[in-house]
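Just the one chain here, the form predicted on its own, laid out as structure tokens.
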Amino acid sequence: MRVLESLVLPPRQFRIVKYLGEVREGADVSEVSNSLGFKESDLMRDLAELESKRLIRLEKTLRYLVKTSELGLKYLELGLPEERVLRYLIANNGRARLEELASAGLNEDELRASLGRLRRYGLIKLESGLVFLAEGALSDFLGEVGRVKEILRNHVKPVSYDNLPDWVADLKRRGFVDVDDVKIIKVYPTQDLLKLLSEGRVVEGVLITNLTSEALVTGTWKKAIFKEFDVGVEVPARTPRLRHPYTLFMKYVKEILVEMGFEEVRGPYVESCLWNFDALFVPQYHPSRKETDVYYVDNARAEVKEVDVLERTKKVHTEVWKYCWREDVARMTVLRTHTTPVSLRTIYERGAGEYRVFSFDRVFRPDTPDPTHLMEFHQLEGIIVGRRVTFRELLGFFKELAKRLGMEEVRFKPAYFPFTEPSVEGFVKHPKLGWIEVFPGGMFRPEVLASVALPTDYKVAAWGIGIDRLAMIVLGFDDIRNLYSCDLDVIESTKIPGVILKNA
């Protein structure tokens, strides 16, 4: 029969076991910390030591807190973006120009997503830059809007789930809800501890981690507990790795593109509005050019030497969009919001011909950092130029790239971008975040190609991939910030696919 000896415990551990002896059935770590007046982080080392002595048992579970985001609260007040577009069309006799819909208070992403959802229900038609109301599944649409708003109302305060409901992935992708992973740690006393406590054989002692002359003189060391140190313990080995996982991923993607016949090109981070917006047929009143969506640079100027591009762009905007185009606005300086200006400059410099180029570089947008957004991130963008280039070739490129990255299934839906027509959005599936939009692209509009004087018998397929999001899927992250982490635990725990390591 096992004989249980008396225990001498440091003060904090003594208080922990005394509390557990009173609770007996166990308690959350948060309950223990609140009751004893300690931070949870301060208790974890003590709990680990008590568990190693088989005095307590730790049970760890994962729960999810779902809460309506700030954006979701805004939509509860103003209405969902697709709902507001529909109201605007109804109030304007069932038709409106695309640029007019910006007056409904939507930014470019919101407008694009709204048009896609309304088209899915057959409620609108797009013709020559105009949006028309159509007879579609209005009751189904209103039912879906009502369902989403009801979910948002029910999650104004966080709701805890053992398993995430199916609707979370879609609403999280749209930014309507925030999801936090919460680790719940419950502490249970073992039978050995309860027996010791019942017999009064748990004693509080003084813990000494540094033996001082005072402790020797006073003799307090005789009744103290000494913190054990084992100088013979080996230092944990670190797995040698020459490159960061994301760097390896970027290198692999570039190698894929080179194998597919593409050439890498680069461009400036500080760009003029002419190349970032105007030459891409984005009107100067477009909501994507607001200061809330763009970093404007006041103390620097991106010199515009391409006077011919300015003149052709002015002609295109005044003839097609029919507004007073301003050269001073086109000469304003920004941190580029996408890498598409690199492709446009390439077309301007090379002109007619058969070529494929790509740019894999940083872009900047004033987003609030969260698991899927950063203020500075990477974009993979490129073009296919030629006389016989078709929209089908663009879709084939997306599928081939996804396949080489280990993602077999790609879903496409129609989209709207000011500088491409037709346009498409491609989605791939993240195991935790659900379907993520990563493949936006389309055929450059004639107005864009007119600004850079490409002959009209040439076509250009263009794409701008959310490569950071693709990297999250390939490397197994559910937080985009991990792509740039310097935390060795994160880096060393990252499972890098063998095909990438083989090409490292």
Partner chain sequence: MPKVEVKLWDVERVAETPLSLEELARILETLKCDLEEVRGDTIVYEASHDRPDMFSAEGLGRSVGVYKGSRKPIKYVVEDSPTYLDVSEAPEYRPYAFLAIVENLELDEEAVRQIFQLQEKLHATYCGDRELVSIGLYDLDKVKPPIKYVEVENASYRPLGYENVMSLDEILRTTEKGLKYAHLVRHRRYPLLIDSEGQVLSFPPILNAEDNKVTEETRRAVIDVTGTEPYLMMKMLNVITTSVSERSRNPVIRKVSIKGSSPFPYSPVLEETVVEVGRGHVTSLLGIDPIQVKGPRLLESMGYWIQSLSEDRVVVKVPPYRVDVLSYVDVIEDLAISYGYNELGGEISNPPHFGRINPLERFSEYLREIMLGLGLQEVLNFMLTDPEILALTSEEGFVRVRNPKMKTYSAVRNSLLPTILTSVKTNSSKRRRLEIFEIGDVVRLEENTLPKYAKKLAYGLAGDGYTLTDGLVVLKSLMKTIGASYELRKTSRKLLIEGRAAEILVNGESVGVVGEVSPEVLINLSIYIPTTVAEVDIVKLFSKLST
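Positions refer to the first chain, counted from 1. Note that the structure is a prediction, hence the values are computed from the model and not measured.
What follows is about the form predicted in complex with its partner chain, which we do not show.
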Original post:
Which among 245-253, 165-173, 91-99, 150-158 is in contact with its partner chain in the predicted bound form, heavy atoms within 4.5 angstroms?
Top reply: 245-253
Subject >> Within 4.5 Å of its partner chain in the predicted bound form, all of 38, 181 and 192 (non-hydrogen atom) >> reply: no
Original post:
residue 146: heavy atom within 4.5 Å of its partner chain in the predicted bound form?
Top reply: no
Original post:
Using 4.5 Å between non-hydrogen atoms, is residue 296 touching its partner chain in the predicted bound form?
Top reply: yes
**OP:** Could you confirm whether residue 423 comes within 4.5 Å of its partner chain in the predicted bound form, counting heavy atoms only?
**Re:** yes
**OP:** Answer for residue 199 alone: is it within 4.5 Å of its partner chain in the predicted bound form, judged on heavy atom distances?
**Re:** no
Original post:
Of 120, 301, 403, 74, which one comes within 4.5 Å of its partner chain in the predicted bound form, counting heavy atoms only?
Top reply: 301
Original post:
Quick one: which residues from 251-270 get a non-hydrogen atom within 4.5 Å of its partner chain in the predicted bound form?
Top reply: 251, 254, 258, 260, 261, 262, 263, 264, 266, 267, 268, 269, 270
